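Take a look at this single chain in C-alpha cells; it is the form predicted on its own.
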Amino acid sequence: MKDIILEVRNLSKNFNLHLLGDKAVVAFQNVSFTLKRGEFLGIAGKSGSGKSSLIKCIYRTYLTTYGEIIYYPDNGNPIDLASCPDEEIIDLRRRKIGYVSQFFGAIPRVSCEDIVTQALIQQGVNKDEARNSAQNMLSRLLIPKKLFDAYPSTFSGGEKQRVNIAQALVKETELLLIDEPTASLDKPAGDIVLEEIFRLKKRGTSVIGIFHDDKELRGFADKILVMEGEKGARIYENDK
C-alpha cells in the first residue's frame, strides 16, 4: 500500500429531511476508488450527482451513511476517516489534509494575512517564516499588499475566495481536496490558482478536485471519477 494514499470503499451518503418526516434523500451510493500518491483524481457528474458531498465526506464535514475512507499517511497506520475520533480529524486537517471549499466563511476581526499565517503555524512552522510565506502566497494570488491587514469580511467575492485558496495552498499537505476553486475568479486569477495546484502535485501532493470547467478538469486529472448519484460512480483513465 506504499503507493496508495486513499482507498474509498462502498461509500454512501444519505440526508434525512427532518421537516419532511425524516425523508431520506440519496446524495450518492456505493462509490469506490483508490488514489495513488501524487495522483490527481478529477470528479465529474451532473448537478446533484453527489460531487461536493463526496469531497465533504472525505474531509469529514459530512458524516457518511456507510462505507470506509481509508487514509494511508506517509508515516503511521491506516486511518478510517469515516469513523475515527473527531480529534484525529482535526489534527489531520491541520497537518496532512487540505481543503478548498466553494465558499469562504470570513473569520470576524482576523486579517487575511493572519488567516493564512495561522494555517502554517498549525503545521509547526515558526511565526516569521509562516508570515513571510503567507505574504508571498497572498501576493501570488493577486491580493494587494494594502489589504494584508484588512478583514476578508469586507472583501469582494473573488478576493474572499483567493484568501480561502491561499490558506489551503500555502501548506505542504499530503492530500488536497478542492471544490470548484476557480468558479468565482476571473481568468488571470484562475490561471494562477491552477498553476499553484499543479505545482503542489508535481511536489507529490495527491489531489481530488471538482472543476466547473471541463477543459480545466481534463487538463489536470490523471483519472476521472464520474458521479451518478444512486447509481454509484465509474472511473476511467484520462487521456490528456
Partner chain sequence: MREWILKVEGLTKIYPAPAQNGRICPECLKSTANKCVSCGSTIAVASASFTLYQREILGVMGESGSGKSILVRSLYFDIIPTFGEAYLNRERKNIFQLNSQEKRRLKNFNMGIAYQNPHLGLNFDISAGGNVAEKLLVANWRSHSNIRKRLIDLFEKTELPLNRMDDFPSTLSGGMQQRIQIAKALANNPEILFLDEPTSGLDLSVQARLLDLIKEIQQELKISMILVSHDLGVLRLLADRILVMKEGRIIESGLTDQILEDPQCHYTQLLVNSML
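Computed from a predicted structure; not experimentally measured. Positions refer to the first chain, counted from 1.
FYI, the form predicted together with its partner chain isn't displayed, but the following is about it.
This chain appears without its partner; in the predicted bound form, the one residue of Asp91, Asp74, Asp149, Asp128 with a heavy atom within 4.5 Å of its partner chain is Asp91. The stretch among 25-33, 193-201, 39-47, 54-62 whose residues place heavy atoms within 4.5 Å of its partner chain in the predicted bound form is 54-62. Contact check for Asn16: a heavy atom falls within 4.5 Å of its partner chain in the predicted bound form. Although the partner is absent here, Gln102 lies well away from its partner chain in the predicted bound form, with no heavy atom inside 4.5 Å.
The closest heavy atom approach of Gln118 to its partner chain in the predicted bound form falls within 4.5 Å.
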